[in-house]
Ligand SMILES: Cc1ncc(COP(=O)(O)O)c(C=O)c1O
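Below sits a lone chain in structure tokens, taken as the form predicted on its own.
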């Protein structure tokens, strides 16, 4: 038996929500109000309640969510921001655009997530913020980071773009930092039908500042008080996301079920390493990563069997050509480099059936034991 298994499929989610999405499209079109309206306000309230924070501010995309969040903190040239080198480049670019200096941390070789011991060693008198990236949909031990910085005036800004719906110690990711940012890119656990992003916080002053920054710098009374941006989550995407958020926990539970089947079927396969999770964590499983020293050969073997995979992230941030000016070199951040050389992302999405999961695992097992 053979399959054509894509890395990602929208089919199940579109089937679950398609009729309601079509009705929402017609409603928004007929309303003739497309930006900064009641649908955005409603979704922001729904999302804030879901995450467990007081405020949510919808913006144009995940990068703007990060950039505006950091800018709202008043970061300036000379300030340092610590973030992991193993993440999507948007996190790094957001720091650079504020004028602050990015300082890149290593990851824990067992969890593949930012290591608070590495973070602790990088803190200086210039450090103003730390960005724990909830990579793959797996929560970073933010409590561990907070424990090590409790005597320092440092701000935590969660990048939970890949982990909307994940939990750790009873709280949702996106609720632990002073201000936090996420993406609604279509393939995310909560995806729009286009681009979108969100900022979460319990700080009213920061929330007001972000609302102003997303809308050119205007305040609610029409006064222009700061140099802002045009970055607003539009009414159409907000209405779509209001529909999809009702399904989010159902879809995440399905992702968790798929991940557990992978973990059971792939356990003990020689040469294959899976990430460990915090005991108190409930991942959202945006990505299911495995490590193999024969990554490229394994990927080609899976492709020949009709199984599509991805690599996240083949080049760590500190080794991109554009980032040479930061002063890092090969070997600077060793655990991150090992993972970048070996990581392979397996298909995971609502609707991935047991027979396909079993087939993927059989192909991997056969290859690794060969």
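Note that the structure is predicted; figures quoted are calculated from it, not measured. Positions refer to the first chain, counted from 1.
Here the subject shifts to the form predicted together with the ligand, a form of this protein not shown in this document.
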> Where, among 172 to 180, 69 to 77, 241 to 249, 155 to 163, do residues come within 4.5 Å of the ligand in the predicted complex by heavy atom distance?
Replying inline: 155 to 163
>> At 4.5 Å between heavy atoms, is residue 149 in contact with the ligand in the predicted complex?
In response: no
>> How about residue 232 - does it come within 4.5 Å of the ligand in the predicted complex, if we only consider non-hydrogen atoms?
In response: no
> Hey, in the predicted complex, does residue 185 get a heavy atom within 4.5 angstroms of the ligand?
Replying inline: yes
> Contact between residue 282 and the ligand in the predicted complex at 4.5 Å, heavy atoms?
Replying inline: no
> Quick one: of 201, 98, 189, 87, which gets a non-hydrogen atom within 4.5 angstroms of the ligand in the predicted complex?
Replying inline: 87
> What residues, if any, in 199 to 214 have a non-hydrogen atom within 4.5 angstroms of the ligand in the predicted complex?
Replying inline: none
